[in-house]
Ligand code: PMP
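The chain below stands alone and is given as structure tokens, in the form predicted alone.
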């Protein structure tokens, strides 16, 4: 897919420029070592125009990732939010995906750098995993051990693990992968968090081995409003195989149902699943402008 056109505008290093004219050094630490942080954010078309869903939470997480990895950032949450709205307006987009990325300056050592540059790009992007129910493969790759990296940081280099898992699943004829943690428990998808339903309650892997997804938090908030019981803990693939239904959630994927895992289908029809109800609630929520900046 084409992520930019000849007239696409992005923000980079203090200026709004044509995307085709963007340039950076080939010695950037982010390019050589994957040492950078990013966010995936969505804007939705609402009755009041473009509204970025949970901009504050996303940019706070970006700054937290910087803090964890020792990456300096000269921008505030408010500044990055304003820049994102400006880039949307300059590209005349409302329903869009927003990609802020902090790129570390040239540095060939393995010591954190002293400066970074902010990129904010936008493009039109439908649901990342599509709309149909997914057939998953439990990946031979596990999520990194939390003592090896800051698993809660949304770091550029972490996604090599995701690329390996998704590519392996696709080559095997599946739609997407499901990764376990280093202890063999359920973790998450390559770019989405996991929930499964059993006997009227939802279950999701606890924090510690997964990215604390903002969509995951939103699902938990919706469940609290709807009095849907949710349990967070350590669960095995057997627990998932015995579930009634399951779904992935994430900013890119939004909420998408899962048809099967390793060829084993869930017994509950997706239209009757808790996840299906939550998907409708979520899509209503993201188009409610007064809730976006809360």
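Numbering follows the first chain given and starts at 1. From a predicted model like this one, the values you see are computed outputs, not experimental measurements.
The same protein has a further form, the form predicted in complex with the ligand, not shown here; the description that follows concerns it.
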Does every residue of 154, 159 and 211 put a non-hydrogen atom within 4.5 angstroms of the ligand in the model of the complex?
yes
Taking 4.5 angstroms as the heavy atom distance cut-off, pick the stretch from 24-32, 228-236, 53-61, 262-270 that is near the ligand in the model of the complex.
53-61
How about residue 188 - does it come within 4.5 Å of the ligand in the model of the complex, if we only consider non-hydrogen atoms?
yes
Check residue 36 for me: does it contact the ligand in the model of the complex (non-hydrogen atoms, 4.5 angstroms)?
no
Partner proximity in the model of the complex: residue 192 to the ligand, non-hydrogen atom cutoff 4.5 Å:
yes
Would residue 204 count as touching the ligand in the model of the complex under a 4.5 Å heavy atom rule?
no
From 116, 84, 215, 166: within 4.5 Å of the ligand in the model of the complex by heavy atoms is 215
May I ask you to list the residues of 220-250 that have any heavy atom within 4.5 angstroms of the ligand in the model of the complex, in sequence order?
249, 250
